[in-house]
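Single chain ahead, by itself, as structure tokens, in the form predicted on its own.
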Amino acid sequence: MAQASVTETRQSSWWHRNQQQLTPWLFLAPGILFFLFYVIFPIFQSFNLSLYEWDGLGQAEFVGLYNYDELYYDDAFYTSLKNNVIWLLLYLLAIPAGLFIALFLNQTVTGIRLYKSLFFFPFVISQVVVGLVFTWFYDPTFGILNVLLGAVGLPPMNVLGDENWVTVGIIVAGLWPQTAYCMILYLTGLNAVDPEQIEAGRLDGAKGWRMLWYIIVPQLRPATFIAFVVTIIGALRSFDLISVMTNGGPFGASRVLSFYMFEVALSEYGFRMGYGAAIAVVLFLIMLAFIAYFLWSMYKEERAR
């Protein structure tokens, strides 16, 4: 009995000694387990599946790097990759647009709450709704776009039916809610801007663009980092707007890698799970490269301080 009592006392004292360090990990454990099971494990599973030819039901056949070799000669893959690059370049316009809208809304003027609500509205509605709204906006028969073009003497155009304009048209639709998201990030960041630095800048004669570029923007680095990462991920994994507005058309001209992955794995292309996984791996590596670059840039900036 005495030995058992000593053991319990030791265990109790060990818990009391380490309770402060262990408690946060106990709270984090469920989230970490979910992250490992639903994010990390599927990533490795996709890498493994990309080495097989599998229809989702039958026996998987190991084919090594054949799926990647086929990707190398696949014109549809290069079309999707090109569209992803266009998405990436144009989608980044949401960041400066969100910043300037946030600067406008970060004022005390009459009706500012109404303006904030109007700019915030696109963020809370579904991407499917955004896609439907812009599909009607671009409609060649009754769409508002052609009404506006006619008002200034320009000929009508079928944006979603034109191979040269369809990707740009979908990106414009995606910029609407993404700009609202970046605006929210910057509004939050502007609330944390040090007023003493602004006052010191005014005393030194800084105003307008100089005030913005040298004093305000450097203090918004955390918000800018999050905006870049989220916008890049959103551009590379764009799917729902394409599915709603064009379903990859016309003639596959608006495909991106995520939509092409869905087509080859789960659509009319024949349930090629391995080939779809190979596309997913390529998309994941592109995302990883961009995010690693921004993380490394942030790390170097912090080390330089």
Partner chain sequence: MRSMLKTSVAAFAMLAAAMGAASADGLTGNLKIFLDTSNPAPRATMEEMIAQFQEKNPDLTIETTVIDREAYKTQIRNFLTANAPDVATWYAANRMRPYVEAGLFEDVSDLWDGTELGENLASTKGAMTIDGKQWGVPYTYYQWGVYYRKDIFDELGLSEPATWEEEKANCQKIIDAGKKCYTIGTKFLWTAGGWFDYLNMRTNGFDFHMDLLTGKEKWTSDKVRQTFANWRELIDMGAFIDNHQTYSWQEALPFMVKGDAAAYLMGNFAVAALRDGGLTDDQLDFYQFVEITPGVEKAEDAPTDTFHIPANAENKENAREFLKFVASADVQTWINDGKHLGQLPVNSKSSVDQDKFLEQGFEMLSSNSPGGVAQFFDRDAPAEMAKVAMEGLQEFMVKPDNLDKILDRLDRAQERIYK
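Being a predicted model, the structure only gives us computed values, none of them experimental. Positions refer to the first chain, counted from 1.
This next part talks about the form predicted in complex with its partner chain, which is not shown.
- Using a 4.5 Å cut-off to its partner chain in the predicted complex, not one of 96, 122 and 185 places a heavy atom inside that distance.
- The contact residue chosen from 236, 49, 280, 244 relative to its partner chain in the predicted complex is 244, the criterion being a non-hydrogen atom within 4.5 angstroms.
- Distance criterion of 4.5 Å from any heavy atom to its partner chain in the predicted complex singles out 266 from the list 60, 65, 36, 266.
- Looking at residue 158, you'd find a heavy atom of it within 4.5 angstroms of its partner chain in the predicted complex.
- Contact check for residue 55: a non-hydrogen atom falls within 4.5 Å of its partner chain in the predicted complex.
- Not displayed here, its partner chain is approached by residue 251 to within 4.5 Å at the level of heavy atoms in the predicted complex.
- For the chain shown alone, residue 194 is not a contact residue for its partner chain in the predicted complex, no non-hydrogen atom being within 4.5 angstroms.
- With the partner omitted here, the stretch from 134-142, 96-104, 207-215, 83-91 that lies within 4.5 Å of its partner chain by heavy atoms in the predicted complex is 134-142.
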